[in-house]
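First comes one chain, alone, set out as structure tokens in the form predicted alone.
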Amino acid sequence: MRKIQGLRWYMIALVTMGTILGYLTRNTIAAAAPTLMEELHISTQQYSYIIAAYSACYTIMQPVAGYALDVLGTKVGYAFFAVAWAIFCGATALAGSWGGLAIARGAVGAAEAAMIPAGLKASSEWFPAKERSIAVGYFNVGSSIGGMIAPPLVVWAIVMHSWQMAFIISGVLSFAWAMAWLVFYKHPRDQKRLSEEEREYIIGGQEAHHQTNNSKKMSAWKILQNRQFWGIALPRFLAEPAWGTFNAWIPLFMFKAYGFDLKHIAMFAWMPMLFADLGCIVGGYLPPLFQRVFGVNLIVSRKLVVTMGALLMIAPGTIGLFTSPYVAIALLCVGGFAHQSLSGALITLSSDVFGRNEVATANGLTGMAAWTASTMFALVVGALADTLGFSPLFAALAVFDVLGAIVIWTVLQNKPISELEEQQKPKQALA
């Protein structure tokens, strides 16, 4: 059988396509929001309930999905969840009120909870440690590409047919990808088209806690008791409201704050997502660069990326100081770049700190922390946007990210759990 050179990059491209379609289904509701609010007589607060339903179900299912992926494996587990979100997204077209939309979007959120843990698990299987942040950056770029595609695609579907068609198209595309995933994805040890040279490069470049597949697995309770977990979970808790706001509220922000119609939303709402794409890619290449330039280890290099992103997030926090919608879009573009660069580093840290048998579970639990904050902030936006305005809310997001950077330096230790446990053994023996 002919071997394919650089097969790991084809695998991460497949993962990226899944992320693109997952975020397309996620952002379809945001792009269609002005039309939905008009046709179904939905208020801003009711719209926040729809967003919160998605976020809450996503939050609850994060650890469940992570555990299921660790048990079922990346191939079968991810396919199962992808088929589910495709069906639920298409079913959104049947909704006739904000309550129906909330139920349908909650179901989509529950299924899509597997998306990031699955992408991280696939990256940890297919890439050596030194390339893992690059791989995560590439699959994470799908989140902003999906958000970038959504406004023009949804507006086209509404103009050509109806808002219902936008959800049907997104669902069909996701279902087709799930079938492709089942056909093409395999673990490196099972992939016959992978050359022995590349297989050795991948496995030989992974940390010890990713090379071995022993039966020892940290329980969710033990993960929650670990300081390293909170060193990742708390910064994600503080950072995620920004991405939830970017995904769910930018089209409505442009509509309410600047009077943008569907045409202008289609023209401009995708731009912050384009810069978010750049943030994913640049953020993936920065850790190896920081390691070479500053001589720091893997975990410290991720901390530096998080810090850089947090400082750049101050830019969208100043939106209230300007009246021009084009300045606002530019600042949101900086914010998109900033958040996705730090988000990729935070997501990758789970695979740096935890072993292969619990990486998806750990990432699901940190994701649960992140989306708890996103759910709460969505309700805050819905309650205050019409009275207080969006500007103070964007300022709060900047403060959250700076606090997250402080937490990661003070709580997260600079070694994986396996090394920290090895250090503790002599002390325990002496005791």
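From 1 onward, residues are counted along the sequence shown. Note that the structure is a prediction, hence the values are computed from the model and not measured.
Keep in mind that the form predicted in complex with a small molecule is not shown, yet the notes after this line are about it.
*Asks:* Considering the small molecule in the model of the complex, which of T348, S143, T361, S170 comes within 4.5 Å of it through any heavy atom?
*Replies:* The residue in contact is S143.
*Asks:* Taking the small molecule in the model of the complex as the reference, which of S133, S124, S343, S174 has a non-hydrogen atom within 4.5 Å?
*Replies:* Of the candidates S133, S124, S343, S174, S343 is the one lying within 4.5 Å of the small molecule in the model of the complex.
*Asks:* With a 4.5 Å heavy atom cut-off, would you call E240 a contact of the small molecule in the model of the complex?
*Replies:* Close contact exists here: in the model of the complex, E240 approaches the small molecule to within 4.5 Å, heavy atoms only.
*Asks:* Just checking whether Y58 would be counted as a contact of the small molecule in the model of the complex - the rule being heavy atoms within 4.5 angstroms.
*Replies:* Answer yes; at least one heavy atom of Y58 falls within 4.5 Å of the small molecule in the model of the complex.
*Asks:* Evaluate Y47 for contact with the small molecule in the model of the complex, applying a 4.5 angstroms cut-off between non-hydrogen atoms, and reply yes or no.
*Replies:* It does not: once the small molecule is placed as it appears in the model of the complex, Y47 has no heavy atom within 4.5 Å of it.
*Asks:* How about I116: is it within 4.5 Å of the small molecule in the model of the complex, going by heavy atoms?
*Replies:* Yes, I116 lies within 4.5 Å of the small molecule in the model of the complex.
*Asks:* When the small molecule is placed as it is in the model of the complex, which of 225-233, 291-299, 332-340, 74-82 ends up with heavy atoms within 4.5 Å of it?
*Replies:* Heavy-atom contact with the partner occurs in 332-340.
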